[in-house]
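Here's a solo chain for you in structure tokens, the form predicted on its own.
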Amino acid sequence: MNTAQFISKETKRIVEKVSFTWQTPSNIALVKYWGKSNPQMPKNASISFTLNNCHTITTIDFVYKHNSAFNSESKTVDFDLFFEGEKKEEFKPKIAEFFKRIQEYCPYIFDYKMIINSENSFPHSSGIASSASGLSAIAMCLMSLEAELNPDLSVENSNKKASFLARLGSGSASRSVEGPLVVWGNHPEIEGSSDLFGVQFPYKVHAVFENYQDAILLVDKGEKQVSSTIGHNLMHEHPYAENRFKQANDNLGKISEILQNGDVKAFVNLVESEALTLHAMMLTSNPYFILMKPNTLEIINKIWEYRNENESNICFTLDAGANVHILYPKNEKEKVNQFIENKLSKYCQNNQYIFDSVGFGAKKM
């Protein structure tokens, strides 16, 4: 594993004051990763659709500190964090841990006071990968600063390092820098894939999977009962872990072919199987836990009924939460959206859902 490539080059350049704003997307995994080892290394490869409407917008104001040598010696990073206009001290420990993990690769973070302002277009901590979009946004802002300090830094290397950094905060964040399809984790059938960072799916995708739709049904907008970190850690002693890691890697090889040949029926089967397997691992860990809610199951059954009655290609997937992502080709958009509004919205908290589609990664604002 060559991590030396991500260590920032020394520079005598000083930027006294600068501000950057990035919009970075959430993503929805088609083949899931569940289980990791330090430092944030996946036990299996995964692939996700980058989303368009579900995103985080983060602004970081950087102010150079002329007494930064003291901070470097004490290994503290000076930052304030605001989320949706409110100062959030309870969010700071996770971000402070993130800065601690990346300090070797971004030593310049000790030189600046940072004011971080973030907002989401979706409910925080409800299973829509808020840590993925949030940490990738911070990583992109840091890389914008690094580009100011090192003007020779290329966009390609900047994005690769941003994914590498984001991964150290949240594994799935490595898949929220680029799009529309991103693979994270070393896999023999995916050229250029790595455990260290996400890469764009390197092969031509069949037209049916372009502009794919994702409706997110907000069954429960509250915080998850069990954090993803705890869930990942439970895989260390899980009796089915090794078979699951093999299954996921096999499924990634299969979905690679599906995405290229346009076999939507096979896509439906594999994606739903992956979602249910993810939750089966939660059900069979020790301690065990259930993140699905009764309305999650109601929605799944309604989707199956609709698909059979209408010869539809809609399917569902789930992240580590109760909310349901409904995936469907663009040519079914009008009918499926009506189905969601008329039949499924009643199963959502306050009848809330988000119509989304596949997006193309981070945007500088």
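A residue's number is simply how far along the shown sequence it sits, counting from 1. These numbers were taken from a predicted model, which means no experiment stands behind them.
The following text describes the form predicted together with a small molecule, which does not appear among the structures shown.
key: in the model of the complex, the residue from Ser256, Asn159, Ser193, Ser228 that sits within 4.5 Å of the small molecule by heavy atoms   = Exactly one listed residue reaches within 4.5 Å, namely Ser228.
Residue among Asn120, Asn295, Ser170, Ser285 with a heavy atom within 4.5 Å of the small molecule in the model of the complex = Flagged contact: Ser170.
inquiry  = Just to confirm the contact call: exactly one of 301-309, 49-57, 324-332, 27-35 touches the small molecule in the model of the complex at a 4.5 Å heavy atom cutoff, so which is it?
reply    = Partner-contacting stretch among the options: 27-35.
ask   = Might Leu278 be said to contact the small molecule in the model of the complex, defining contact as any heavy atom within 4.5 Å?
value = Result yes; Leu278 sits at the interface with the small molecule in the model of the complex.
ask   = Contact between His232 and the small molecule in the model of the complex at 4.5 Å, heavy atoms?
value = Yes.
ask   = Does Ile314 make contact with the small molecule in the model of the complex, using a 4.5 Å heavy atom cut-off?
value = So Ile314 does not count as contacting the small molecule.
task = Report whether the minimum heavy atom distance between Ile340 and the small molecule in the model of the complex is within 4.5 Å.
result = No - in the model of the complex, heavy atoms of Ile340 and the small molecule never come within 4.5 Å of each other.
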